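First comes one chain, alone, set out as structure tokens in the form predicted on its own.
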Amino acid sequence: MDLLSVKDLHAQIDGKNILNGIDLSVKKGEVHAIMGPNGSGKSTLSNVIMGHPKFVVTKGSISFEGKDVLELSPDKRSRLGLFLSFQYPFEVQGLGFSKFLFSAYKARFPNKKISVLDFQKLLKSKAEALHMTPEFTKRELNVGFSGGEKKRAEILQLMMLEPKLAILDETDSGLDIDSLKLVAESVNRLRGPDFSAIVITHYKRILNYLKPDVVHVLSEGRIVASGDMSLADELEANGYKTVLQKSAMGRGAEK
């Protein structure tokens, strides 16, 4: 059974169609990369999977571990083990990062009994792996964080909440090479039969470290090509034009 199964997914926002028939299956332990031109629907797909209320699903299905999640709110999907790392993380003034994580941790693991002290010890160990000082988690959530700090804060949340499927929406955007390696190494440490990921990116560089099992190309709200890492190599060398032309020719032949 697939961990995530998306079938013939159509979605729109403000009456405009964005997704036009997405089919995507992710098995346990797999890492998938989704690439594509600007405006192709990559971020929309991540938001729809997580249940963003602004997007309306007009056709198709999304199931997670065999359970239909379309009627579930974002927080209920999160409790099942879905996680989204935002392309542009929000700043929340007045909310301490550590306090936020403690509340999220208790919601994610309602049956785990953990004291504030033990949680802080766990948080400190995870933060140190990301080269974060203890002072970092005492700050307000994302307030005054640099772009790289916001992305590392997202990965720290990922490490603490231990999702079954993480969707990383352009987590590599704006990262210098050291931060990029650190983020990729942290994700790689989570890899195993109980962790899968969908990595949305414009660039191959993070994929060099993550080495995805499958690479997809999204265009005009559809997955038009899928393959192994060689597909990302082709995109890096030639851009999207050749792949999109091949896809258009294939659709023409089908007609």
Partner chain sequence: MAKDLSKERQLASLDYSRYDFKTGTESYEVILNKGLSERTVKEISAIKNEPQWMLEYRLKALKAFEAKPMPQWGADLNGIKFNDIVYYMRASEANREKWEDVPEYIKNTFDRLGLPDAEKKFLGGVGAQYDSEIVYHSIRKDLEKLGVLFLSMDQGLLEYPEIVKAHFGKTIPYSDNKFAALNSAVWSGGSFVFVPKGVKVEIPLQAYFRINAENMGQFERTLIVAEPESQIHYVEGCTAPKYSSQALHSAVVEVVAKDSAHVRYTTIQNWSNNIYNLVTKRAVAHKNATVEWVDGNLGSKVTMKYPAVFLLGEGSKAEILSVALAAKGQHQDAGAKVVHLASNTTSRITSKSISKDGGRASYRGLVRVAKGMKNVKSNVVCDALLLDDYSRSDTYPTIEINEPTATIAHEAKVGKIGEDQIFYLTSRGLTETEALTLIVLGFIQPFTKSLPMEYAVELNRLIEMEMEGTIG
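For clarity, every value in this text was computed on a predicted model and none was experimentally measured. Numbering follows the first chain given and starts at 1.
Below: the form predicted together with the partner chain, not depicted.
When the partner chain is considered in the predicted bound form, E149 lies well away from it, no heavy atom lying within 4.5 Å. Interface residue remark: P53 is counted as part of the site for the partner chain in the predicted bound form, having a heavy atom within 4.5 Å.
Although the partner is absent from this view, V116 contacts the partner chain in the predicted bound form, with a non-hydrogen atom inside 4.5 angstroms. In the predicted bound form, at least one heavy atom of L84 sits within 4.5 Å of the partner chain. Only one of L72, L122, A107, A129 comes within 4.5 Å of the partner chain in the predicted bound form through a heavy atom, and that residue is A107.
Only one of 45 to 53, 30 to 38, 197 to 205, 211 to 219 lies within 4.5 Å of the partner chain in the predicted bound form by heavy atoms, and it is 45 to 53. Although the partner is absent from the chain shown here, S78, F90 and N142 each have a heavy atom within 4.5 Å of the partner chain in the predicted bound form. Contacts of stretch 90 to 104 with the partner chain in the predicted bound form, defined by any heavy atom lying within 4.5 Å, are made by F90, E91, V92, Q93, G94, L95, K99, F100, F102, S103, A104, listed in sequence order.
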